[in-house]
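Here you get one chain, nothing else, as structure tokens; it is the form predicted alone.
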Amino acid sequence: MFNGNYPKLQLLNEIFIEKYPFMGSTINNGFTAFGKTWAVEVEELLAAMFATNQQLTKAVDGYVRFAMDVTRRQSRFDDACEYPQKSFNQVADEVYLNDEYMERYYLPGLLLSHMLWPHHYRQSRFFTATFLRDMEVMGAKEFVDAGVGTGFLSRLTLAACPDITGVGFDVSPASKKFAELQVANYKLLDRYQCKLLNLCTQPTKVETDWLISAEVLEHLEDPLSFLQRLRVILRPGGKGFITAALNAAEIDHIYLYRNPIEVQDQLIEAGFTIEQYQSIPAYKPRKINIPTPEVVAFIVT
């Protein structure tokens, strides 16, 4: 399958098979589904972020714990069809401000999920084929990423548009550090700033023609208010890429979206116009009347 062209991907495959055989088909499944383009992207990401075998092994350990935690929570959600009641402050203390948890499990797990979870990878391809293509064609000069997470989409944007500069915002010091590391490892940090800021409670005077906010809404108690702030950040005539997770019971998910229409309605109420959208399930429905996790991405103006 690899023919020696993807040494990091080969090592990743070996780690899964040897340490976590129940995930031993992960890499073969990805290669079968997405082919050489996927393999090249994973190889580049692994080489940039996990240069040594020890770093890659630790990242896989974090990813497996992250994925197993999601699986356990999703199983409980299948029974209750509700998220546990949590405030944003509770989640922040448990997750975003917990540097050890973020650095060991959450951030490496989330980063690898962008490539190893088919619905996450398909969403990034949708981003590249639509929103990012428009940025390139129209010669975009700057962008804002509201809720950078790992910095994955910021990095894709900076790499695709060599003249662009970007500003990212996040509430987590660990996310800020990780996003800056990713961008720096791709030698793009001279065109990027990442700032610690809670856009829900700390308004910013920053404006942009190109706005990114990926899977932030479900982490909030009042996502509509956040969307209204994003509407102020996006200049008239600008374009935004805004996504949300539906029926996905992760440790830091607070607001339960059950279908894409609920997200669409909030976007419209906040003042956005929907240009197009894509909704991607995580897997085929396992049981009748049990909602399936999915990600939905909207391109808005």
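Don't overthink the numbering: it's just position in the shown sequence, from 1. Small disclaimer: the values here were computed from a predicted structure and weren't measured.
Beyond the structure shown, there is the form predicted together with a small molecule, which is absent from this document and is the topic of what follows.
- Residues within 4.5 angstroms of the small molecule in the model of the complex, judged by any non-hydrogen atom, belong to 168 to 176 and to none of the other stretches in 168 to 176, 227 to 235, 203 to 211, 76 to 84.
- Interface residue among Phe152, Tyr192, Tyr105, Phe127 relative to the small molecule in the model of the complex, by the heavy atom within 4.5 Å criterion: Phe152.
- Of the candidates Met135, Leu220, Leu188, Leu181, Leu220 is the one whose heavy atoms come within 4.5 Å of the small molecule in the model of the complex; the others do not.
- Taken together, Ala39, Gly62 and Leu112 are entirely out of contact with the small molecule in the model of the complex: none brings a heavy atom within 4.5 Å.
- In the model of the complex, the small molecule stays beyond 4.5 Å of every heavy atom belonging to Leu158.
- Shown alone here, Tyr96 lies within 4.5 Å of the small molecule in the model of the complex, counting heavy atoms only.
- Contact annotation: Tyr101 falls outside 4.5 Å of the small molecule in the model of the complex, judged by heavy atom distances.
- Interface residue remark: Trp117 is not counted as part of the site for the small molecule in the model of the complex, having no heavy atom within 4.5 Å.
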